[in-house]
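A lone chain, given as structure tokens: the form predicted alone.
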């Protein structure tokens, strides 16, 4: 349930207050971006678009938000719907996974080749390869399973909140989660052969 402060910000946002809405965004922006990035696996520009469209849609529809429900679940629902729409639109286009990760090679002035906490080149290569394997496996996963896996395993939502965010039954969420995990396990097994 929302705190008194969040309910106040929701009410102000519903009346069109952009500053109050900006404060709400800061509470949920990381979660929504992680969802968009996971579901739009390999397409960072789509993840950024879904992230921005989620909050734009939320601001436009804030008057229709029922404050008796959870704002985070409502935002997940908007983001999920946007992901589904993008997926359907692009389903006929070929998919080429790309990694969009900044490179940090600037360790000047440290006086050490590998500062404390920095991975060695071998560790960095292993992490990069694992990230690539995860990205490829997620990209092969059907979007409805990808959404459930992201909400449950990455965001840590309960089965009930995931079901509400996606408009599914709890049984359907559990089924998709199980099938999605099996799919990923099989994909990783193929990758390591």
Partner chain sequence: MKLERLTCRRRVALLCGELDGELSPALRRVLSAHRRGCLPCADLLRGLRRTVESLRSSMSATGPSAKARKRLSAALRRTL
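Numbering follows the first chain given and starts at 1. Bear in mind that the values here come from a model prediction, so they are computed numbers and not experimental data.
Keep in mind that the form predicted in complex with the partner chain is missing from the display, and what follows is about it.
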Counting only heavy atoms and a 4.5 Å cut-off, does the partner chain in the predicted complex sit next to every one of 25, 134 and 138? yes
May I ask you to check whether residue 65 falls inside a 4.5 Å heavy atom distance of the partner chain in the predicted complex? no
In the predicted complex, is there a heavy atom of the partner chain that lies within 4.5 Å of any heavy atom of residue 154, even though the partner is absent here? yes
Distance check, residue 69 to the partner chain in the predicted complex, heavy atom within 4.5 Å: no
Would residue 177 sit within 4.5 Å of the partner chain in the predicted complex, counting heavy atoms only? yes
Out of 165 to 191, which residues reach within 4.5 Å of the partner chain in the predicted complex, heavy atoms considered? 174, 177, 178, 179, 181, 182, 184, 185, 188
